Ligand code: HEC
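One chain comes next, on its own, written as structure tokens: the form predicted alone.
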């Protein structure tokens, strides 16, 4: 009996230790405004140099060509931001939306898809794949995005009222024609970056284990993978980066962000986002010249790869433990899967076979009409979003001085984020509305501790 109790004690202790260290043995313990910016504990000296150099290219502004800093020029001709850190402030999450009606913030971008036929979509013929609100010298910007809000009032089952603010987007000062009804617009806020190297180290097989595309178990949840063949890892097929899991490796995600957001070309993304109608933009393109050296891209990828996940602050607190029970009770874990184990990597022990707790399945789920793209054109894909990881979200308020959540920052806190869930998550949202006030608040405390 004593032997059994001893085994039970150690198994409980091990479980608590794992929950306390969501990023495996590289988990960090800084909970300050710099909580998202530390290298993983134990990052080898051979990687720390590349980490620091990558950080400088991530943080510092890029400039127009030609310049006195040729390693850091190539901005534009049209762009959204001058650096990665302009949107991922302190490696954290952008707010996206302002507190009141007006121009949207830099950290919120807008992707375009243009309908050629009901089954065929392409980038917009006049605006390309993304709205670029800024241009370099003598190059016109594409336009601006503004937002207003519609109040949506509701009540919890116990009578407590809540208020959601639905964003309504308007595009003004468009320099290349109006956006017609064949254009679908997808707002995307800059997410926080902790643990992306660990996500990059999850095998396709581990993610595919949770696929239930046809809802075989009849629980209303039918997650599916976004299959996107990698350019840098030919065995990698399952997307996991971006709000729709469009990229399957971290290096490709970084290259796409340089290209789409800053106008920096690379071997992986050698073409500027300048549609044919934008003559001035085309006049600035030096075809065949790649602006981002692959060595620099690799160093930025090393930087992001080794950003540490902060430890949980109070995983054994009574309210937090109850909140975790509520999380499971209302079936949040069906999409926000707590645990993965990364695949073996003999070259990177910090990323190899780590038990991690991202709270995501990295699959696409239909989240309902309210969260669909602007003008979803009746296309299911434009209503689907990848389950975002929850780790670190409780520190966004400390790092970024706001708590705006969801793909465009429309939710002003955790309660609102849950209330915006629809589609496959509608049943969980409805159960949340029917919880007692104590259970609702304990659930939020649990989410804040992740």
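Bear in mind that the values here come from a model prediction, so they are computed numbers and not experimental data. Positions refer to the first chain, counted from 1.
Another form exists, predicted in complex with heme C (HEC); not displayed. Remarks below refer to it.
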>> Is it the case in the predicted complex that 80, 421 and 428 each bring at least one heavy atom within 4.5 Å of heme C (HEC)?
In response: yes
> Given that heme C (HEC) is left out here, which of 351, 308, 97, 190 has a heavy atom within 4.5 Å of it in the predicted complex?
Replying inline: 190
>> Exactly one residue in 331, 296, 230, 284 has a non-hydrogen atom within 4.5 Å of heme C (HEC) in the predicted complex; which is it?
In response: 331
>> Taking heme C (HEC) as it sits in the predicted complex, is residue 390 near enough to touch it, meaning that at least one heavy atom pair lies within 4.5 angstroms?
In response: yes
> Would residue 382 count as touching heme C (HEC) in the predicted complex under a 4.5 Å heavy atom rule?
Replying inline: no
> in the predicted complex, does residue 201 have a heavy atom within 4.5 Å of heme C (HEC)?
Replying inline: no
> Within a 4.5 Å heavy atom cut-off, is residue 147 in contact with heme C (HEC) in the predicted complex?
Replying inline: no
> Which of these stretches, 332-340, 207-215, 265-273, 148-156, has heavy atoms within 4.5 Å of heme C (HEC) in the predicted complex?
Replying inline: 332-340
> Relative to heme C (HEC) in the predicted complex, which residues of 203-224 have a heavy atom no more than 4.5 Å away?
Replying inline: 221
